[in-house]
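Read the single chain below, which is given as structure tokens and is the form predicted alone.
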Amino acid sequence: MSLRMIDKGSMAAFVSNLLQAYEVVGPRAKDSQYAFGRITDYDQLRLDYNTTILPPKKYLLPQEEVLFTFQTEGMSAAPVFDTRPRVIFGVHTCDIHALHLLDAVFATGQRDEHYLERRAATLIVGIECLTPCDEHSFCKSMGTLSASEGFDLHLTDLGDRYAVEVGTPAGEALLARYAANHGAGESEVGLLDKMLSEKWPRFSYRLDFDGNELPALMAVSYKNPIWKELEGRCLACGSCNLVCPTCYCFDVQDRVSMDRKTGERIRVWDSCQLAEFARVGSGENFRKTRAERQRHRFFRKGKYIPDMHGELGCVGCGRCARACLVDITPVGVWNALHKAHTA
């Protein structure tokens, strides 16, 4: 919509002003790593972070959330919605793409009003990645190194100021009300263009092929022996799913009071890599082997989600590669599949 500028000296006041009206969450230092958490003071915000342990998804699809409460006497139930105003500050472009995909997922078919109510109350302030997070990042291969939508405001560090791209009317209103800012001059536009053009060579294409070819590659890889090889390595711990910004599988549980008169139904994160995930009531397990579960995981990211939503289900953040104890990585698996197919 437009390009504005915020001097770095004005950022503390911007965040402080936001705290008066919103719950603000952003990247915070956590030991030697970073994690999205609630910000109560500007000094806690680390916009220079590399990556976070868990994605910002956890504020739109919490690890545990109450869907509704119920009373057994009279058989009544009441939905529980989280509509608190929230700003997620400092979201990297890969995670912006992930949230954009989740927006489509939860608005398609049977709409998930719990997600959508929370999303409607949430504003996204992104930040441009000017250097790779680490050796596990492959966002350039997945087309997520930049973002043109999915945010309300998007920051780029220009040294002594931030260039601020306004993405929505809500973002424009946020900037006008809470931040001292000014329009971008010709020299500032030139500096922004220079920063963005210089960043691209710093990132490597880590897939040996165009990421858009993934659905076709997966379609011919269903019987590839790599799935059996992964079975011998995978620990079925589920860590890959639990740190993923685009995984959205969940379990539903009921918690009932001791007197059995009241209770609540909760949704919790789940993992398709766990042995119990695909076991049904009659006892059958339709993905009982680790090979089948690993194949399902990669088909979800590389074919099933693209076929359904037109976007790749992996954004190249590298979190699953960092979390895996046995070095199963998307780059390694997909490059091996591509090599086998083109040999």
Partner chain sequence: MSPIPTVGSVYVPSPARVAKVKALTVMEKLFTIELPWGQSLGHQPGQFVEVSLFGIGEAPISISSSPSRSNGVFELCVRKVGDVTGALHGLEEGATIGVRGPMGTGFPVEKFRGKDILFAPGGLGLAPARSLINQVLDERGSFGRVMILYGARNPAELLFKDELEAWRQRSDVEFLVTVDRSDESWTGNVGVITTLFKHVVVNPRNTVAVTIGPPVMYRFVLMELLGKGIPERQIWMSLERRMKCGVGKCGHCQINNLYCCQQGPAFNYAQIKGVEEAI
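Please read these numbers as outputs of a predicted model, since none were measured by experiment. Residue numbers count along the first chain shown, from 1.
The form predicted together with the partner chain exists for this protein as well; it is not shown, and the discussion that follows is about that form.
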Query raised in the report: Pick from 124-132, 141-149, 70-78, 92-100: which stretch has a heavy atom within 4.5 Å of the partner chain in the model of the complex?
Result: 70-78
Requested in this report: Could you spot which one of Asp193, Asp251, Glu213, Asp208 gets a heavy atom to within 4.5 Å of the partner chain in the model of the complex?
Outcome: Asp251
Requested in this report: Please run the contact check for Met308 against the partner chain in the model of the complex: heavy atoms, 4.5 angstroms, yes or no?
Outcome: yes
Query - Heavy atom of Arg287 within 4.5 Å of the partner chain in the model of the complex - result: yes
Report task. Spell out, yes or no, whether the shortest heavy atom distance between Arg202 and the partner chain in the model of the complex is within 4.5 Å. Result -> no
Query raised in the report: Does any heavy atom of Phe106 come within 4.5 Å of a heavy atom of the partner chain in the model of the complex?
Result: yes
**Report entry** Members of 112-134 lying within 4.5 angstroms of the partner chain, judged by heavy atom, in the model of the complex
**Finding:** Asp112, Glu113, His114
